[in-house]
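The data below hold one chain only, encoded as structure tokens and taken in the form predicted on its own.
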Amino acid sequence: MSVMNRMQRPWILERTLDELKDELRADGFREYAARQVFQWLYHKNNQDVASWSNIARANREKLAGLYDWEARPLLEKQDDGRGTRKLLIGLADGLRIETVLIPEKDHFTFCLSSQAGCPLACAFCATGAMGFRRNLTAGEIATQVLTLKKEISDYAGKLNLVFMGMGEPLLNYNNLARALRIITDADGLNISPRHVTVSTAGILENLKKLEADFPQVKIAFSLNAPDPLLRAELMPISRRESLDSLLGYFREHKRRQRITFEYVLLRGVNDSPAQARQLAKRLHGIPAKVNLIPYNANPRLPFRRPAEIDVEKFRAVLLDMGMTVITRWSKGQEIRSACGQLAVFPGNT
């Protein structure tokens, strides 16, 4: 099927189950047809309508003409030799996004993008340096999950989905929410919302919406500095979204799980023991876990990773002050798939 013909038809991966039920009913299909379609698309990860064995041939032919059925193409794949894989996916308009498969001890993690590029321009992030192209649609988010699942097609165990790839998810809330409905629907990807984490730099109004609409989804807040002035230098969004207001919301709003605070350690910038003490005081009263992320190098940016001894000193201060702390030495640095490294610049693959 030509690209032009596909683009003239609605993309099936943009449809929620309820929307598909209404459309197929209007086209004369039985009530259960939409659920059958979802099970083939998502449970079996099969987008080839002609091969669907429990749907009559005439109905398959009719379905094939109603929608664009294809997942977006995998253009390139890189493997770090230890199981972490970075995938480059092509979108219908020629843009490209990156998504990452990370093997863990007892599960796999999928690191998903929510935007092509990012408008936040955080000083230490390669995605921010590439600029913002556009929001991803719900289907473009879902296609990442389907493509990553094909990489581990024989695996049927636990999956964690983390929206920590390219973009700020909460600046694309409507499409994020549609994608989460497909991801968590029992007839869709059937992934528990307890196994989904949304990372944000702090878009307060949409953060409130996310927690109201998906109370079981976990929140990871990208903090990176205890001082609002330093945070504003590193993360310009902090000039618009008050750090005090965000921390006040986390402190006052009761929830089932702790907030994860992500803290990228930059040598000589935010990694001193005094800043660790200031961080612990800032988070006082918030059920919190701190993820320390030693900076992952990027030749386009001026920052450096702290020495391991300085990372441990920072961590020790937080532990002494009663914090729960994990140091996350990122996987996939060799293929530029680690935290803060995803970026598709013109001419790069």
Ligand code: SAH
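One-based numbering along the sequence shown. Because the structure is a prediction, the values reported are computed rather than measured.
Absent from the display: the form predicted in complex with the named molecule. The rest refers to it.
- In the model of the complex, F163 approaches the named molecule with a heavy atom inside 4.5 Å.
- Among heavy atoms of L41, none comes within 4.5 Å of the named molecule in the model of the complex.
- Heavy atoms of I183 never reach within 4.5 Å of the named molecule in the model of the complex, leaving it off the interface.
- The shortest heavy atom separation between V264 and the named molecule in the model of the complex is within 4.5 Å.
- The three marked residues, A71, G139 and L146, fail to reach the named molecule in the model of the complex, with no heavy atom of any inside 4.5 Å.
- Proximity to the named molecule in the model of the complex, defined as a heavy atom within 4.5 Å, holds among N224, S238, N172, T84 only for N224.
- Partner contact region in the model of the complex: 216 to 224, out of 93 to 101, 270 to 278, 152 to 160, 216 to 224, criterion any non-hydrogen atom within 4.5 Å of the named molecule.
- Scanning 116 to 132 for heavy atoms within 4.5 Å of the named molecule in the model of the complex gives L120, F124, C125 in sequence order.
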